[in-house]
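One chain comes next, on its own, written as structure tokens: the form predicted on its own.
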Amino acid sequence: MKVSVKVPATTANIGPGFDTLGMALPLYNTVTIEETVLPGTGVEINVLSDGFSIDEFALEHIPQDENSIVYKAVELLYNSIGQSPSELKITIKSGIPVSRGLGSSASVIVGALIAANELLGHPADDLALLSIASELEGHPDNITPAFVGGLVISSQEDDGSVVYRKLDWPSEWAITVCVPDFELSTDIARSVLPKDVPLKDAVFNAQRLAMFVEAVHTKDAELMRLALKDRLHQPYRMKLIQGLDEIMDSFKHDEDVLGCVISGAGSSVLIISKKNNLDKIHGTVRDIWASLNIKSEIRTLNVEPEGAKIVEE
């Protein structure tokens, strides 16, 4: 038996929603798990490129043994019903840039869990899978939109359960994803964050997150300009992303641009704008990074409304 699951990319935080906001994007990883017939062959993992050209070499660094997050996800689900994974072939078609803040690890965790659950005869329901995936990832902001699609606000509770609600992203606003040719691991991006933050910064972000939700509901562009500010993570991560200061400064007074934020932990940058002058946005970012000898791929994307789904391979 063979099961393939197609999972969208995600962008998280989106300014003020640190570890809370996430959005699915139409870039995809496909995880295929196949039961093999030869006993004693163990678990085989293969990774194939199926997406961004600037990311082909990064695939060489993805673990393809028991250290792989894909294997750990499958093992955890099997162990939960008293079994161990064996004689499985796992293939990942990678169309999501790795270590760029676009939910690559979340997508393969979600894909592996759904595929393994299908092979095992559905021992876990969707909420259980969502909880397991969030536990593996460490937070639900990428996991949840990868699983259910759309723009999502989520929280993992003390008992491990995930509470989430989907929001409708205004179709009038464009999402431009700017992907540089350098990686930034989540571990490094988190290592620069302080353990404690000033109360005024926590209040600032609470205000901005409330503004964000209201701006989305009412399609209020001026409110969204205020909402896409952050004091919990972006000020500390700015120095890790070359050219980000210049990119943000270049759009500061642009009436068509609502905000420029780090995508997840970085290194990608997300620009939220009206659907005017998109070529200018692309060109500005490309030129700034090119002046620093940084290659990039820049795409304006829609929100992906659907989450992970089983597909025919």
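Sequential numbering from 1, following the sequence displayed. Here the structure is a predicted model, which is why all the values come from computation and not from measurement.
Unshown form predicted together with a small molecule; subsequent notes refer to it.
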Next on the checklist: Can you tell me whether Arg190 touches the small molecule? I mean in the model of the complex, with a 4.5 angstroms heavy atom cut-off.
Outcome noted: yes
Item to check | is_contact(Met23, the small molecule) in the model of the complex, heavy atom dist at most 4.5 Å | outcome: no
Checklist entry - Are any of the heavy atoms in Glu137 no more than 4.5 Å from a heavy atom of the small molecule in the model of the complex? => result yes
Checklist entry - Can you check whether Asn142 is within 4.5 Å of the small molecule in the model of the complex, heavy atom basis? => result yes
Checklist outcome for this item: Among Ser161, Gln242, Thr186, Gln83, just one has a heavy atom within 4.5 Å of the small molecule in the model of the complex, namely Thr186
Checklist entry - Taking the small molecule in the model of the complex as the reference, which of Val269, Ala265, Ile33, Val285 has a non-hydrogen atom within 4.5 Å? => result Ala265
